[in-house]
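Coming up is one lone chain in structure tokens, specifically the form predicted on its own.
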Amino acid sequence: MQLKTSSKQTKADLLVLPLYKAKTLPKELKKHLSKSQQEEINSAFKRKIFDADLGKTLTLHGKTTSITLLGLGEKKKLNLHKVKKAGSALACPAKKTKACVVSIPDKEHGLWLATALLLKSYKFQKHLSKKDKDQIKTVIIPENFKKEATEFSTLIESIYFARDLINSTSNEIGPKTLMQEAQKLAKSSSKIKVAVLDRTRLKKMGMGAIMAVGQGSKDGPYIVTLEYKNSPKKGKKPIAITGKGLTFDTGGINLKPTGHIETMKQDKTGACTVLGIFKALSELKTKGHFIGAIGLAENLIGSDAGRPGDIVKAYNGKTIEVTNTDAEGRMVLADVLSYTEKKHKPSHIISLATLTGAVMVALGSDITGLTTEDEKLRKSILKSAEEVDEPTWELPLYEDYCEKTKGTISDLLNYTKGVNAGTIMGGAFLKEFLEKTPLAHLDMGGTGWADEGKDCCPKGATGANLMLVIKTLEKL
């Protein structure tokens, strides 16, 4: 699927005409319509079949081209969130079209209509014996959006890429396969270098935290580092993005119950999002120096798996009592974070993970949880979240809660019984593995996956936080 621009009248299967709430057809749209079509639309207004309320559509079918009127609701109440809702509503009338032309009502919001349509129209059909061929191929917008269309096309393709990886099942993408995907990505760009730490090296280097998670699987674990450089400012430190990559999470001996375990292929969302971000950085030719570090493992059960009560030593020398084998993501990230800080000395680190189910209790499935103690990161992320309409809410790293990560027979506990603030406790644990680098952790436990379709995404992987992080990197 592509987002294109054209300065000419382009033939297409579908013409989309967005309009604000009205009682009759606006004059500026009449040039696109025949007299009979105008009469039909005005009749729909009179009969109150259509009123151009937000997300409402009215489609007229001609011999070769269909026309869909898309309601944007009241102009003074329109914002980016509502624009994305309206654009998502186009996925249904656009389903059987190969090419769609979208008339842009204004530059501020117009581009997002087309973007939302394409994001909502994504389909994961890899394992279907009979593919759905009724899928929109191209969305065309006016020529004066050429620069923005190129950028957004790249972001959309990168989101598709991340979604494809996340949606892929654990019997086809394990730690090794995902590591190879990172290598393929590096081969596709002269600006990206990749380095891999395998099980032997991780063990030798004292990466006891990630090893404790991955030791029950024959596959992995790995820490994979991507380094992107494109005309970085001299003397400026790189910015790092880290990601949790559990290609499947059984919960370990603290086994997840039926109803929760079935979708645990999606526990690699953080790592896949990092790969999507680096694909976008490369194709956008973004200026700067960025590090991507992902921890890849499978949390399985078996005779080699770690046990509750085990004490392990992380890369930074701190000991951890494993009080819950299902609090494994923070263990993987613990070694990734301390290794990234020591090896690359970044100015800031942004961490992405489906870290806790608790974040859904606090914020539901539409809002990403944020924990940070750095004002620059806080402002940059929250502002970026507004600009791309990816709701993000900060949860406090409350001092007394942070103290409860401390152990009695070990330095730290990976899970503290009796503290219900699960998302905060995850963030409190992670910050113990950095000495001085500012960290912002984004908990995607609710937003990385959609059990049912919603705005800008069908059921499955959402691609959340990719645009948000790209926008944040621009600010930093």
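Just so it is clear, the model here is predicted, and its values are computed rather than measured. The numbering used is simple: start at 1 and walk along the sequence shown.
We do not show the form predicted in complex with a small molecule, though everything after this point is about it.
Participant: Quick one: of 80, 397, 360, 284, which gets a non-hydrogen atom within 4.5 angstroms of the small molecule in the model of the complex?
Facilitator: Checking each option against the small molecule in the model of the complex, the one that comes within 4.5 Å is 360.
Participant: Heavy atom within 4.5 Å of the small molecule in the model of the complex: which of 338, 405, 392, 356?
Facilitator: If I apply the 4.5 Å criterion carefully, the residue I get is 356.
Participant: Hey, of 229-237, 199-207, 164-172, 263-271, which bit sits against the small molecule in the model of the complex at 4.5 Å between non-hydrogen atoms?
Facilitator: Careful reading of the contacts points to 263-271.
Participant: Would residue 415 count as a contact of the small molecule in the model of the complex, using a 4.5 angstroms cut-off between non-hydrogen atoms?
Facilitator: Although the small molecule is absent here, residue 415 would touch it in the model of the complex, with heavy atoms inside 4.5 Å.
Participant: Examine residue 150 and determine whether its closest non-hydrogen atom to the small molecule in the model of the complex is within 4.5 angstroms.
Facilitator: Answer no; every heavy atom of residue 150 is more than 4.5 Å from the small molecule in the model of the complex.
Participant: Check whether residue 324 has any heavy atom within 4.5 Å of a heavy atom of the small molecule in the model of the complex, and answer yes or no.
Facilitator: The answer is yes: residue 324 has a heavy atom within 4.5 Å of the small molecule.
Participant: Find out whether any non-hydrogen atom of residue 345 is located within 4.5 angstroms of the small molecule in the model of the complex, and reply yes or no.
Facilitator: Although the small molecule is absent here, residue 345 would stay clear of it in the model of the complex, with no heavy atoms inside 4.5 Å.
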